[in-house]
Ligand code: OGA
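Shown next as structure tokens: one chain only, the form predicted on its own.
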């Protein structure tokens, strides 16, 4: 199936044109998309008026879906879908209304972070509601040789309890989520399994400490990484349109959703459906 690819920024991201994601995509095209994803970090598909079933089916063409560890927030009819919304849920504010306000990689607070995620825009505010992406390839490449050598020997602790948004959730929910997601350790530098390029494996939202270092010793390193990984030349800011679908490679990209819209206006809805792929792809 022919498609065209247009780069969205120097650092990362491509828009894919010519594909209808409601249809089954042939395997040569899936392989070409996988290659483009690994090289560019994320792919944008516009004007994809797809159902939840079609969203799930497209995701499955790339591998096995990963159940989300934050199981409170799954779609009631389609548990494969994690719902990011500011719509009221059972008459109460949704606990995912502030999801992703910090730079992060998905599920790094688990032993096996996901390969990638596919986010489909269902509703968007009249202004704002954007998502920012940053390349962890570029972040690693632009380090000095000395810093590459130092970081390449270090592991970092990823702790879900470090997420600042937990203060907006109920104590019962926080207790359940923290108990289900204890701290884990990952190397600070990893190799992408498909491109073989090195990446900085850092997630500001949950990376809490350098293994073997005190909190005081860790903090200057973490502060540097937080600033360095989000340098403007490494980033792209996406202004969503309804029926956009973005597929990002969680192995080489971080992202965040700034609170850049009027969240006190009940008519300003931001409603998204997300599927998640397991790390191991065939």
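This one's a predicted model, so the numbers in the text were calculated from it and none came from an experiment. Residue numbers count along the first chain shown, from 1.
There is another form of the same protein, the form predicted together with the ligand; it is not shown, and what comes next is about it.
*Asks:* Taking a heavy atom within 4.5 Å as contact, would all three of 14, 17 and 249 count as contacting the ligand in the model of the complex?
*Replies:* Spot residues vs the ligand: no contact at all.
*Asks:* Consider the chain as shown here, without its partner, and state which of 104, 198, 138, 186 has a heavy atom within 4.5 Å of the ligand in the model of the complex.
*Replies:* By the 4.5 Å heavy-atom cutoff, the listed residue in contact is 104.
*Asks:* Only one of 210, 119, 163, 124 gets a heavy atom within 4.5 Å of the ligand in the model of the complex. Which one?
*Replies:* Selected residue: 119.
*Asks:* Determine which one of 188-196, 130-138, 155-163, 73-81 lies within 4.5 Å of the ligand in the model of the complex, judging by heavy atom distances; exactly one does.
*Replies:* Selected range: 130-138.
*Asks:* Taking the ligand as it sits in the model of the complex, is residue 100 in contact with it (heavy atom to heavy atom, 4.5 Å or less)?
*Replies:* Because a heavy atom of residue 100 falls inside 4.5 Å of the ligand in the model of the complex, the answer is yes.
*Asks:* May I ask you to check whether residue 257 falls inside a 4.5 Å heavy atom distance of the ligand in the model of the complex?
*Replies:* Taking the distances in the model of the complex, the answer for residue 257 is yes, it comes within 4.5 Å of the ligand.
*Asks:* Which residues within 15-37 place at least one heavy atom within 4.5 Å of the ligand in the model of the complex?
*Replies:* None of them.
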